[in-house]
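Just the one chain here, the form predicted on its own, laid out as structure tokens.
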């Protein structure tokens, strides 16, 4: 992952933990309503995280049920189930909701969370669409199999090598020259996108208008999201979260990098058009009483990308459209991802945008704890200024009651989400509420869990995954070295 130049190591500071009476009187443990019918008992939130526990077919597993059941035992106000694919296509060990055959497993997941929380936790599911991304190929494989030789390659070779005979060269001759070429020559002969496909792996963009399926995304996606939302409603989820964040399709439509030449790219008004059409289709499909929210970025943190001003404008438009809540995140983009190894796909959390999404204790002077809250507070203020009361879920380095309560008391957010601290101790919200704050296992913010995610390994917590490995009935990682759920 990208590292800041200052390289200051921040301590996990001592903090105030409330008594049960103080917790009861806090904003954090007060109820909040989202939309017409959904109420949370408290303003605590476990956001969507991919734990790599689904089957290759996108089905629920016992390991996945145990993962979410363990969070539910801590009784947060809400749990958002991981990014779940809306298409019925292979996507590796990621959950899917693109067909009715997934409903039985999803119903079991909902029942598990409600049961393990004794009915105290509401459960939503995050719906995602993503475009194709390929693993980085070896040089020989790319030049022999993936590269489509064109007249542009012949012209560039002829110019660079001062050999006009190459203008009529056969495909094999062109490939032979390219295979023998130095990187500097490839830089001159291949296009920018071809070089990217060689060095990072092919990645589709919403701006690839020469491809019919990309041109047709605005016609296809609203119905796909709507059908997925209906399945989620049928499975018993308390609501759905539209994934408009990070490196994926809907976030790419919102981005300033979206220069499509149709009615869905260019200006803010056109970039927000498809996200609003998706929301409208979902709303029409599930009805006005069902909770529908979205997660999107307060800042893309990439050159030429959206900043907080864009995010503020989008937030007001989403609130105006009637979304029941907005959950804010940061960065996590492909545009600044580091080059993957051959055989691996690019990972959108390795550049600065990824760091700002999940900062570590090795940070700059600002530090990792709540560093994006000022931007998120600006978005909430603008939405309130436009006279909308849409609940705003804030996130980023949240790790103590004192910090979370301050955010709420200052009006910077309405609900507080904590991902890494919830992995470190799934019971931490419950412990705070019961006056047991001193027993909380506090996250070290080293991103041990994120490193596992980057390698597509089952995500576990650094503070507990080697503890009590002889516990009867323990679910273990595929390598047999780590427990998959935190001890109680």
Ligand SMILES: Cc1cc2nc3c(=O)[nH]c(=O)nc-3n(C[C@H](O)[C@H](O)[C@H](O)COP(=O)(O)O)c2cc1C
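Numbering follows the first chain given and starts at 1. Quick caveat, the model's predicted, so the values are computed rather than measured.
The same protein has a further form, the form predicted together with the ligand, not shown here; the description that follows concerns it.
This chain appears without its partner; in the model of the complex, the one residue of 53, 431, 70, 420 with a heavy atom within 4.5 Å of the ligand is 420. Contact annotation: of the candidates 83, 198, 345, 166, the single residue with a non-hydrogen atom within 4.5 angstroms of the ligand in the model of the complex is 83. Residues placing heavy atoms within 4.5 Å of the ligand in the model of the complex fall in a single listed stretch, namely 451-459, out of 54-62, 451-459, 23-31, 36-44. Not displayed here, the ligand is kept clear of residue 222 by more than 4.5 Å at the level of heavy atoms in the model of the complex.
Contact check for residue 357: a heavy atom falls within 4.5 Å of the ligand in the model of the complex.
Contact check for residue 252: no non-hydrogen atom falls within 4.5 Å of the ligand in the model of the complex. The ligand in the model of the complex comes within 4.5 Å of a heavy atom belonging to residue 396.
Contact check at 4.5 Å (heavy atoms) against the ligand in the model of the complex: none of 75, 116 and 122 pass. Of all the residues from 301-339, the single one having a non-hydrogen atom no more than 4.5 Å from the ligand in the model of the complex is 329.
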